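Encoded as structure tokens, the following chain is the form predicted on its own, with no partner shown.
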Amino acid sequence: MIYSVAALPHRIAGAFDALDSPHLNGGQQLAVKYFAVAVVLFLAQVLFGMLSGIQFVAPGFLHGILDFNVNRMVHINAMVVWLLYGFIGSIYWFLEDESGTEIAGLKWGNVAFYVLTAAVTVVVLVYLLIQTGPGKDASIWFINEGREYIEAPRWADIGIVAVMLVFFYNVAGTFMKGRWSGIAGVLTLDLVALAGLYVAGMFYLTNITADQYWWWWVIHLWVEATWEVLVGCIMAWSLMHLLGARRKIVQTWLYIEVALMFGSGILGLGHHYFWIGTPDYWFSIGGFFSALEPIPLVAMVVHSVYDAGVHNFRSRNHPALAWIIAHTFGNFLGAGVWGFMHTLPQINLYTHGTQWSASHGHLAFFGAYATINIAFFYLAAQKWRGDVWMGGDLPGNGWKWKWALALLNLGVMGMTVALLIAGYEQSFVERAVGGSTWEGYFAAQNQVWFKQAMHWRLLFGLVTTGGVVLLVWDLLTIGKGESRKAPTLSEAA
């Protein structure tokens, strides 16, 4: 038994080594490991989301075993971490191709992957096994910080920053010894912010306004700004690879994305400052600028698809392209339209803290981030199989990716609309009529519209779960038995 425990790390490493393929370079082999863990965490996110949805309609379900606050915490944290795994894997995937050289410090990159994965495993186990207890300085360091969305204990925070610094070394060192590009410059600078902004959530202030001020720097600028730029870099490379889009086009929109991040992303942060005691000028600044962020990514895709006419709109990977198009619509609707619907202060006065925010969050995170990760999963599966053809006529397997695409988008959109109805009802009964009192809060929770919306949310959650299961099945099997090679698309002249 002692031998088995001691050999466990080697067995885990051996399991990941089995994912390697002779068709992949060193960075892509590391990327596949990140993708594998991302898929596992994606399944965990959906599982705990379903448990939370059941507890909304049956509050006694698993009471005292897995309470709602724990399920919700694991659901949200699993989402954040699997998306981060997907982004890191995507960058490792194209790093050698973009730089024209081997990755600098790849061994340290592999070490960082195993350290991060071990830390995530320990943190999730602590969430599940230690659900109650006194809140002390020691619990902040080792159990749970108790800060919504960034509940990870302090040691895990430090570990995340350390992993990001290794990641930065891999990326910056590779581009310094290899080929430099516009994508390389944006990516390298963004990784400085990716590591630096997370530090804003690693200190505690007794003044709740000051504490919330810096907390939002992590929640908004770390997730909604640095991640948006990462997605821009990933999107730019994938469009050149999939459609033969011109580098000049994708890099131009990437630069505009960065400009809007500095101009609208930071100022748009003010829409979180409405009700925490900050000055009144944040009402107009935050309300106006927060809606501009998704525009460049949408324009990048539209311009690249239009430019792909020189190739008669040929694509190397139909599932990946379909998910990129889903990203375009999801990002615009979820982050843009749904976000703007309730970020104006005159509206947010009634909608903040309601299911309206959850409606926006579900569609925005899925549309802006999950979709581009899934697209890259299909790119990886194609190369892992030997760069085989992945068109709409895959023998025996073509239906799975189409149904997974349909079920996931239908399920998430259904949950989004159901939560929007619940949030509208809360805004009316709890805020407009009830005056934001406890009586109004409980009256809204017992309204028939709210209860029906929670049932519809659960139903569409089941549809989403079916889509995720089908997606994983397809990723494991797509391309098997395919002998045709994917077409080579050079950059448009």
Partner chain sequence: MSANPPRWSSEDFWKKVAIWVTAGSFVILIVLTFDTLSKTSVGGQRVRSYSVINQEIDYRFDDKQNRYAPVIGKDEPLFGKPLSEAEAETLVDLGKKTVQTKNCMNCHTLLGNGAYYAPDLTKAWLDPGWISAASRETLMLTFLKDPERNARTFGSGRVMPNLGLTDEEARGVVAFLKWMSAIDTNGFPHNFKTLNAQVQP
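Numbering follows the first chain given and starts at 1. This one's a predicted model, so the numbers in the text were calculated from it and none came from an experiment.
Quick note: we don't show the form predicted in complex with its partner chain, though the next part is all about it.
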Check: For the chain shown here without its partner, which stretch in 463-471, 64-72, 39-47, 25-33 has non-hydrogen atoms within 4.5 angstroms of its partner chain in the predicted bound form?
Finding: 64-72
Item checked: Single option in V192, V111, A118, I208 placed near its partner chain in the predicted bound form, where near means a heavy atom within 4.5 Å -> I208
Note to self: Please identify the residue among V417, I76, A200, I160 with any heavy atom within 4.5 Å of its partner chain in the predicted bound form.
What the structure shows: I76
Notebook entry, point to check: Quick one: does E102 come within 4.5 Å of its partner chain in the predicted bound form, counting heavy atoms only?
Noted result: no
Notebook entry, point to check: Going by a heavy atom distance of 4.5 Å, is V126 a contact of its partner chain in the predicted bound form?
Noted result: no
Next item on the list: Decide whether H352 counts as a contact residue for its partner chain in the predicted bound form under a heavy atom distance cut-off of 4.5 Å.
Entry: yes
Check: So in the predicted bound form, does Q445 come within 4.5 Å of its partner chain, heavy atom to heavy atom?
Finding: yes
Checklist line | Heavy atom distance at most 4.5 Å to its partner chain in the predicted bound form, all of T132, E148 and Y204 | finding: yes
Check: Even though the chain is shown alone, can you say which residues of 413-433 have a heavy atom within 4.5 Å of its partner chain in the predicted bound form?
Finding: R431, A432, V433
